[in-house]
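Quick setup: one chain, the form predicted alone, written in structure tokens, and binding and motion questions come after.
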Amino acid sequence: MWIRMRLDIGWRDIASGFGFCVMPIKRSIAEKRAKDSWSRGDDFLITLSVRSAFDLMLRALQLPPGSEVLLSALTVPDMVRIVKLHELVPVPVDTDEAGNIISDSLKRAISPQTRMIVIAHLFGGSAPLDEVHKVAKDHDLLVVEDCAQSFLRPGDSGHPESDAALFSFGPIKTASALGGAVARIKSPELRERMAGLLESDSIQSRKSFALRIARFSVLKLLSGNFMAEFTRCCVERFGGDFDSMSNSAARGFSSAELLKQLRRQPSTPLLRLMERRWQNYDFTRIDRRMRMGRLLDTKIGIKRGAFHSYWVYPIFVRDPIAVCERLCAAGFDATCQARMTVVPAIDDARKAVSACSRWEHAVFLPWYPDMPFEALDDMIDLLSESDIRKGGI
């Protein structure tokens, strides 16, 4: 079985992570090395996760209760939850078939209470932001880029005019360190306030990170072709839902007491593992993934941006359940479930009509650089021309 849940981290990195949990080193040294591995600049912070960085930014800003935060219509549920936990109002901004912000929807979404726009670069794409920044400047709004799915190289910084750009190295991300994030913050004053709050948070324990490594080691072990098929058979034999189990297995945080989980500094072993990943990652894996994506685009008849990195590969089909069943029967672990959601509208005038329509038809293919090109051909052979809805994120 070609399973979709392959962690982008090797066994040597995992072994190193365990070693870092028991090897003593001054935290200040580990932090400096990690920062130097990312960039020689001083305009960023290293946090436990992108969610942690977003929460930290909202803590530092102290926006008035009831202020509105605009979000790309398609995002992870926790980002919406964090906005609400700060007594703020999440408002969706609709996206087109390429996953880019629809300018008219952005303008309609803005109200006198709007204070911030959060743009998610989806599935490896890079959304154009010049128009977003023009609108934001006209209305004196902060612009935050969620780059969790679009990382390419250490030192990435997002659009130069963005107030913040957030990069993730969680379990399912490119160059995973099983956790950690980088937050590039444009304003020195805001960055200083965020750094002060971060220093007051407790530090993730070595034991906690070691248990996290152990958990994802098991998941990695089960993601091989044979073990994945064996696990699926066992789960279904006892009446379980393998698809739902796969989606929940790689969750970084539980829904309960979310802010308590987020408000921690990354542990010293995590800082060391992030340094190792940034220094030693084989970036030809991204290049291969991009070649795979462009090949599949050509076969399907889809055009995407030149800088799309194909973190995952969604297709949009007329009957997603039927397509998933067909692919899974042939050994391809496709799903029409995902960890993302469409931000609920707060009124009829600001509904994300386009995003809702697209999301109902999404299928995610198994996707990682180790897949042979022959497997891509086999997947395409299983899709009829009538299945595919042209255009896509």
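Residue indices: 1-based, along the sequence shown. Treat the numbers as computed from the prediction; the structure is a model and nothing was measured.
Omitted here: the form predicted together with a small molecule. The next part is about that form.
Contact here is defined as any heavy atom lying within 4.5 Å of the small molecule in the predicted bound form, and by that definition each of V50, Q149 and S168 is a contact residue. M79 belongs to the set of residues with a heavy atom inside 4.5 Å of the small molecule in the predicted bound form. Contact between K173 and the small molecule in the predicted bound form is found at the 4.5 Å heavy atom cutoff. Using a 4.5 angstroms limit between non-hydrogen atoms, S126 is distant from the small molecule in the predicted bound form. At a distance threshold of 4.5 angstroms between non-hydrogen atoms, T75 is in contact with the small molecule in the predicted bound form. In summary, the region of this chain contacting the small molecule in the predicted bound form, judged by heavy atoms within 4.5 Å and restricted to 198-206, 272-280, 84-92, 141-149, corresponds to 141-149.
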